[in-house]
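Listed next as structure tokens is one chain, alone, in the form predicted alone.
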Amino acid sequence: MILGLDVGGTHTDVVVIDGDQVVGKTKMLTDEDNLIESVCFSILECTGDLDPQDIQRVVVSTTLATNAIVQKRMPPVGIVVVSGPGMNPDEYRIGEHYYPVTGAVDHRGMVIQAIDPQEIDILRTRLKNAGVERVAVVGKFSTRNPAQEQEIAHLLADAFPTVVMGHSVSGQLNFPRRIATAYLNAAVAPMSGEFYRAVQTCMERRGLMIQLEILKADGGTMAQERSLQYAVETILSGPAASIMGALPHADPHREEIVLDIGGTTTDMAVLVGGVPLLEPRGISIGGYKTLVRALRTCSIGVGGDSWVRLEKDRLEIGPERKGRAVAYGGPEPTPTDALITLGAATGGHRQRAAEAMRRLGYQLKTGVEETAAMVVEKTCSLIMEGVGRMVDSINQQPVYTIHELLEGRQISPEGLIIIGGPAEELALPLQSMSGWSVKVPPHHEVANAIGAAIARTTCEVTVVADTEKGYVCVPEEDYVASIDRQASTQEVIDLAFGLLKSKAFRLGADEDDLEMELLEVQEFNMVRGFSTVGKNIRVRTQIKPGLISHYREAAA
């Protein structure tokens, strides 16, 4: 059996899957003031009748780090930048503790200017006096040679509990994005680590003595201990869980929209022939452009608990949430109250919901049921407007799926896959409004947790080889070795796949789900005078995001 856990801002979902069956599921309100107890109670509630020895895998997805970034609730982070000549590092400044320092590595990885240890020592004192406890160290060409990042990190290590190096968070070139990625990783790593350790403790209290796995933004998973080093890869794991939970229901011959309608937001994504779209360069979040590889998603502030009110004689819904629906003791009317009033949804206190619609209708000069119908129609209208904006945005750029670039492809959706709490109740009006076919999967209310549970382990490896200098390195793995001057591109590709396989096993991958592929190959001849003296070869490989094959049927 495997267990999936999705901790959202409104609900915490847990499922247990045994073979091709969902044998347990729980959906409970998240207590933001006592988050860990919410998690512990949800796990206990879902697994109460089960022998914990039978559960072999637990995967969690959460919006914790995402919300911290979006809401600017991050601790101060010191950023030490080694830019070298030819650029102004202040153009990429983040925060008030940003310090360019002496040192430089060229594009081939050669050190052309040494760092100044005294300068780092002075900087260390300045950051400590400012109360900074987390530091990111980023060099412009550190992915070709990480020595200076490592040297600075070594000089700072005993003074700061968290020191992140840029080459560790991504093997790709793009200095500004690597600065932002390292910064976010340093900011969210302690918070994420504390949360995951607390979840692990909850599991152990229940007798689940196995290592927790974390869902990443690309829809894959990694082991908890690795997530402490790559915490930034786990942001947007909540929307990724939505997509993975919808995948078993996708049509391989059509383009479809996934809608995860939650309490506060609706997360959206596009499937092309049953395959999710990808942000190939990296996601943008909270104003930061990163190198974090992620499934392409979009969120709007409309959900079942969104605040419904009248502003300047106009009916407005969201993006704020004032609490639970009035039917469940909340203070302000919501779309959930409208659905309960119309009898489309059950649960809660129907009379209170109707009273909330009556008060709203008094301002609109409409009856109770007419008001409720207007709220439902407006909710669906806002969701479909969001879908339209997302599709227009995708069609203005190259379309990448997790498998390939679809050159010149224009997205034309024909169907909706709707998951989340109010999925069944909103399916009919959304179908009428869009004119598309609509699917509401079984267990739709906990589809996120299912998606987390059945996602397989993924990872990437970037290999850079310089045959003239006779070395090969994998920056994000701190791997450096010698290589024959006559080495071919195919030998570097073989090395990349070997290292990728080893990394996948360390992260918790299963032999049966190692679907590896080549993402990028570049080869440049290095010429001196009139002779070729070597090659610069760059190779990037990945484990494809996807579902664990033998559990796929459980979600279908």
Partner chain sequence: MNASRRTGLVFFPAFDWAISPDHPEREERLLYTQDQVFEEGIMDIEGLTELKPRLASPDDVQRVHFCVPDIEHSVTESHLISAGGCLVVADALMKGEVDCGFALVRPPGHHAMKVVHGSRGFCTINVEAVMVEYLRHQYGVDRIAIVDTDCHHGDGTQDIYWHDPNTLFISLHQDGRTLYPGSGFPEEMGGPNALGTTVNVPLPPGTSAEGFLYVLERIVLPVIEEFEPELIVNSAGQDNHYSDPITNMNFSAQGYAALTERLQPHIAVLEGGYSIEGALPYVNVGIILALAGMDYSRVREPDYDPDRIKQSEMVTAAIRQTCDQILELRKSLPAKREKYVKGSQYVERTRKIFYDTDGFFEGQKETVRICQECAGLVSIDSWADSGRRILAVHVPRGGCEVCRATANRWFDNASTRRFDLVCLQDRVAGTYQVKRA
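Residue numbers count along the first chain shown, from 1. Bear in mind that the values here come from a model prediction, so they are computed numbers and not experimental data. Just so we're on the same page, rigid core means the largest C-alpha set that superposes within 1.5 Å between forms.
The protein also exists as the form predicted together with the partner chain; that form is not presented, and the subsequent description refers to it.
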Practice prompt. Could you confirm whether Tyr400 comes within 4.5 Å of the partner chain in the predicted complex, counting heavy atoms only?
Written response: yes
Practice prompt. Answer with yes or no whether Phe175 is in contact with the partner chain in the predicted complex, where contact means some heavy atom within 4.5 Å.
Written response: yes
Worksheet item: Taking the shortest heavy atom distance, is Pro190 within 4.5 Å of the partner chain in the predicted complex?
Response: no
Worksheet item: Can you check whether Arg144 is within 4.5 Å of the partner chain in the predicted complex, heavy atom basis?
Response: yes
Fill in: Residue among Pro89, Gly348, Pro429, Pro319 with a heavy atom within 4.5 Å of the partner chain in the predicted complex
Pro89
Discussion item. Please tell me which of Lys439, Arg281, Arg324, Arg206 lies within 4.5 Å of the partner chain in the predicted complex, judged by heavy atoms.
Written reply: Arg281
Practice prompt. Can you check 134-142, 333-341, 421-429, 479-487 and let me know which stretch has heavy atoms within 4.5 Å of the partner chain in the predicted complex?
Written response: 134-142
Discussion item. My question is whether Ile411 is one of the residues whose C-alpha shifts by 2 Å or more between this form and the one not shown, given a fit on the rigid core.
Written reply: yes
Fill in: C-alpha of Ile122 moved at least 2 Å between this form and the one not shown on rigid core
no
Worksheet item: Against the shown form, C-alpha atoms of Asn67 and Val391 in the predicted complex: closer or farther, for a change of 3 Å or more?
Response: farther
Worksheet item: Relative to what is shown, are the Cα atoms of Gln542 and Ile394 closer or farther apart in the predicted complex, where the gap shifts by 3 Å or more?
Response: closer
